[in-house]
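First comes one chain, alone, set out as structure tokens in the form predicted alone.
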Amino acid sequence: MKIAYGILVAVEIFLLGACSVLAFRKKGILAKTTFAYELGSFICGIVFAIYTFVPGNMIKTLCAGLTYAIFDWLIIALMYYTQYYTGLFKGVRFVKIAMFVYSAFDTVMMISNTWTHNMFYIDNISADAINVVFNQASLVYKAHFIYNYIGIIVVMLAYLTMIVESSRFYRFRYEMILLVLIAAFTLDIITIGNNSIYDLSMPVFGFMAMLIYYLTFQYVPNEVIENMLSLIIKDMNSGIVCFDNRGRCIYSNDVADVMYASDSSHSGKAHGDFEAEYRKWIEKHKDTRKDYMKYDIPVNSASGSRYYEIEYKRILDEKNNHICDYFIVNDISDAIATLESEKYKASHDSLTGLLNRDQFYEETRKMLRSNPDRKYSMICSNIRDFKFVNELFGIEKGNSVLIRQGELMKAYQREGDLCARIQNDRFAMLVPSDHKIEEHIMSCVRLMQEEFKSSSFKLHIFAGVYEIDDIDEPVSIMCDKANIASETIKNSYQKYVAYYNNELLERSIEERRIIGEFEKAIDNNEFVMFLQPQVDYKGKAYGAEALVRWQHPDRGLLSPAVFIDVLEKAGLIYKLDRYMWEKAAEKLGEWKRKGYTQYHISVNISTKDFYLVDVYETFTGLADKYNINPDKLKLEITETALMSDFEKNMEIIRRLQKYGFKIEIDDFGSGYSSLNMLKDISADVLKIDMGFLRASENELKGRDILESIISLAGKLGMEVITEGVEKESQVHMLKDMGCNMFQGYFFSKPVQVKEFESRYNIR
């Protein structure tokens, strides 16, 4: 009997040691508390074995005291384990501290009892019994048992609470711990006063420690797994349908039933319907079926189109026998709709709904390569000065113009056409060349002009057409060529369509060359000032107009006709104007220092200057910098330059006049100049354009109009200069009309500054 009991205790000690090591290797706070309990039980088992089987009163008394002391600490370890295992005891920090203090005190008392015998002593040891005599009057002895029993009862109540409140799937583990704890507690009470060495409560407490390790880290009941998986599957957003090896539907969750019912005339559980669909699927995929397949299917029904992602899996056992098939069905309709929406946003212009530039390029490439034998044309359109629409009428009006143009393009779109908004107010179309391209463009233009008619702004749409001869050419180059053609009619109000040819390409190359060399030319002072004298009828000079030439290092002297229009279109003309203003002011300052203050120089101000340059600050700054009289630097402006923002620009003109500058109205009669201009603009000098002179020279009516204008200018206090005078007869005619200052080839062509100074003795 003693040998069997000893083997039982030894095996239990070994198992408790193994549990301690395994718990130590786990991670987490629960693992730490489990390790503490397992280690305490392991140590307690060793001490109890020594107490039971090692002879000697003192050693037995010491081990008995240590066993009682270790129980104090095991109660604390069990309480901490229970806290992290059940979630209870979180708010009893003071109680835990008190337990630590008491356990430390009790441990000291139990160890010292080996010599003091204040609580118990051992007497009359036999083969099967150890007589432990307790001091019934000792308060420490009583407190020990009260502490232990209260602690065990509290822990038992905790597990009882968890059994009542927990799901039935998890009650088993709490029930097992409570059952063993009750058994050990009962046996411990029964054995009080029993001197037999065969204390069954100790092995039961050890068994409970091993059970705690098992339930904490190893035990997961099959029922929990099965029910948990069942609930998870039932609660999934995916539809699940399972078939056995005979093709019978053995399971379908609610999601699958709802999906099937919503996309058919069925409702409720539909296992028979699933089996019919499964048989059709097997028949369809009999030659291509694999153990795993994934695919998407669209389904059309009365409720609309839906898209499903199907995942199929065949389950085989370890002997490769077919067990079952299952399908996982996900409704991806919303994801597909979102994807389509994102694809649309990425490929279409948000304002007009037309293709955007990148998508247009891609679709054009596909169209051309899939139809290599068909001729196509690229059309690119633009709205002249579209920014004025936004400035005059607001952004919303500008957007409505763009939206309407997009609508008209879609309305006229035929099969094989592609339409796009590629940038701001620039639109593009790819159309078969056999379509009536020009007729289509003109129809759109007329409708747009009619719908957006305004007294203050006339909508002018112009388009370029490039007939594609190389389908492998980059689409961006095709659009560039169409745009090159459109730019040739940008400033024409009578023409709306232009076709690309090689001459335009050469012109475009030349323009890009000029733009590319411009900045360097400015830095190197390659632009030089020429002066064309302004004289009386006898040829006496009063001043000159500053005109620009480009002294190119490789191409020689370039006329303004080569580069002025290019710089204007590129938005660079303001830099050249500012450069020429500086040169004129610098020369006037030089003449003033030499004493030649009778001469003036006239410079031009263009439309872009008012937008991109602070005109007032620039000219007043030049006057101060070179110490010149402002009235000697005359400022020539055209009606067009003022009309872009009349009130603002007129305010600038008035400030310049107040400062001392003289304002000249340039090119009067060349465009849409009117008498209103003379009324609205308080200018100092009126320059009559040479084109007006040529048109009027041999016509009595024209001569009368010219004479009236000169007379009217005099009455308004304005000087008159006629430019473009080429014949002596013109001089006499204009002198008789009252014009006293002339500019033109009859007197002098534009000359270099040195020649001008030499001719008029400026040294």
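All of these numbers come straight from a predicted model, not from anything done at the bench. Each residue number is its position in the shown sequence, starting from 1.
Another form exists, predicted in complex with a small molecule; not displayed. Remarks below refer to it.
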Taking Glu12, Gly17 and Tyr219 together, does each of them reach the small molecule in the predicted bound form with some heavy atom inside 4.5 Å?
-> no
Contact residue in the predicted bound form, from Asn604, Asn113, Asn253, Asn649 (heavy atom within 4.5 Å of the small molecule) | Asn604
Have a look at Leu74, Leu588, Ile573, Val475 for me and say which one sits with a heavy atom within 4.5 Å of the small molecule in the predicted bound form.
-> Ile573
Is there a non-hydrogen atom of Cys444 within 4.5 angstroms of a non-hydrogen atom of the small molecule in the predicted bound form?
-> no
Can you check whether Glu545 is within 4.5 Å of the small molecule in the predicted bound form, heavy atom basis?
-> yes
Does at least one non-hydrogen atom of Glu726 fall within 4.5 angstroms of the small molecule in the predicted bound form?
-> yes
Just to confirm, Ser486 within 4.5 Å of the small molecule in the predicted bound form by heavy atoms?
-> no
Going by heavy atoms within 4.5 Å, which of 545-553, 397-405, 384-392, 318-326 lines up against the small molecule in the predicted bound form?
-> 545-553
